[in-house]
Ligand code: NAD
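Take a look at this single chain, the form predicted on its own, given in structure tokens.
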């Protein structure tokens, strides 16, 4: 069994002396494959000190100079591509084809985009400063030391969406990835180390949220927290950060709606919606887990959805036809099955999937693509984030009711609108309280600022807006 005990602090790889450790199990076969030696508070404090010491030198570089470093990191990410793929397949049980394109190539592309963003900011601020008129100039300056706390479901993307903009802004970093996807984070740290950033600019400590995450959230020398994860944990972090009024960026839960208006292309829309929820085994914060269909096409949509879900192959990540791999671990497996039981108890109709019978169970944490019809929006399965391959289909009577149902959620992360008339889809999109909205079959866009309304968080990632989250604006008024 592998022993994973690597933490990167002040340009040096360190081992943790802590007795804390966790055992990782391959989600595809349930076999233990690694012991992770976790960082403690002492190691986390060393990382914060290293980041503080490096801040002045790094932040005083111009945007163009930092763009050079970002470009070097991109080269190293490409060189480490196959290592990333293998790590994510092992850690998540994610199908290899999906891992290559979505889990690895897309994040690397997003990192590369930041070279251009840095150059745009260099042109605007000539290093740091923008002259507005003879009496006023503006400076954009790095906010300081940033603690970046990321989840396991898209382990490379979540890291890159925070690390790239923070580095462009001139911040120094203490990164705490999920302790259950440590290999992906270590490979990323190796790539960054090979790009020869100044010592202390990037630091990686692999520890638990309860110990390392809580320390970073309240640390007096940390100026900004950027966290992606559950809304519950986000609230805890926000409270801890309030002790010294640090900036907090939160990307939290979602229960996103897919509003399908009466359409001649109903099958195309429904199939898109089903695959959106089922990819990555439903472990996607922006998954369109509430499908809203007009009552005139509701039964037809349910039949299309159930039939298509049955064609999606559930299997081991390295099998070429696998669409859905396992969920991350036993705890997540049990949580999703509990929600399936809740849906049945609430009176929803299970039209495909559900609990996997013992005699059919694959070794590994596999859950069949599961779809409920006859769902009302007040049910727990329609209001709470399940984070698994579970879709709720909800009927509506008119457009305004569809908008009302879509907005009837504590979350507001994402949504999709399907309409045959572009003006109709745009009108609905404008009324939805969500931070990222797709029209018809529009795909993910790395330049689109990403973040939510309501309890889906605050702040934005990606695009130039994502960099602004790590910058302070200073106005200088001249006599």
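The model shown is predicted, which means the values in this text are computed figures rather than measured ones. Positions refer to the first chain, counted from 1.
Missing here is the form predicted together with nicotinamide-adenine-dinucleotide; even so, the following discussion is about that form.
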| item | value |
| --- | --- |
| Proximity of residue 385 to nicotinamide-adenine-dinucleotide in the model of the complex, heavy atoms at 4.5 Å | yes |
| 4.5 angstroms heavy atom contact with nicotinamide-adenine-dinucleotide in the model of the complex for residue 110 | no |
| Close approach of residue 405 to nicotinamide-adenine-dinucleotide in the model of the complex, 4.5 Å, heavy atom | no |
| Any non-hydrogen atom of residue 233 within 4.5 angstroms of nicotinamide-adenine-dinucleotide in the model of the complex | yes |
| Site check 150, 229 and 285: each within 4.5 Å of nicotinamide-adenine-dinucleotide in the model of the complex by heavy atom | yes |
| Partner-proximal stretch of 233-241, 290-298, 85-93, 266-274 relative to nicotinamide-adenine-dinucleotide in the model of the complex, 4.5 angstroms, heavy atom | 233-241 |
| Candidate from 72, 208, 190, 356 lying within 4.5 Å of nicotinamide-adenine-dinucleotide in the model of the complex - any heavy atom | 208 |
| Residue among 63, 438, 55, 450 with a heavy atom within 4.5 Å of nicotinamide-adenine-dinucleotide in the model of the complex | 450 |
| In the model of the complex: members of 150-185 within 4.5 Å of nicotinamide-adenine-dinucleotide, any heavy atom | 150, 151, 152, 153, 158, 176, 177, 178, 179 |
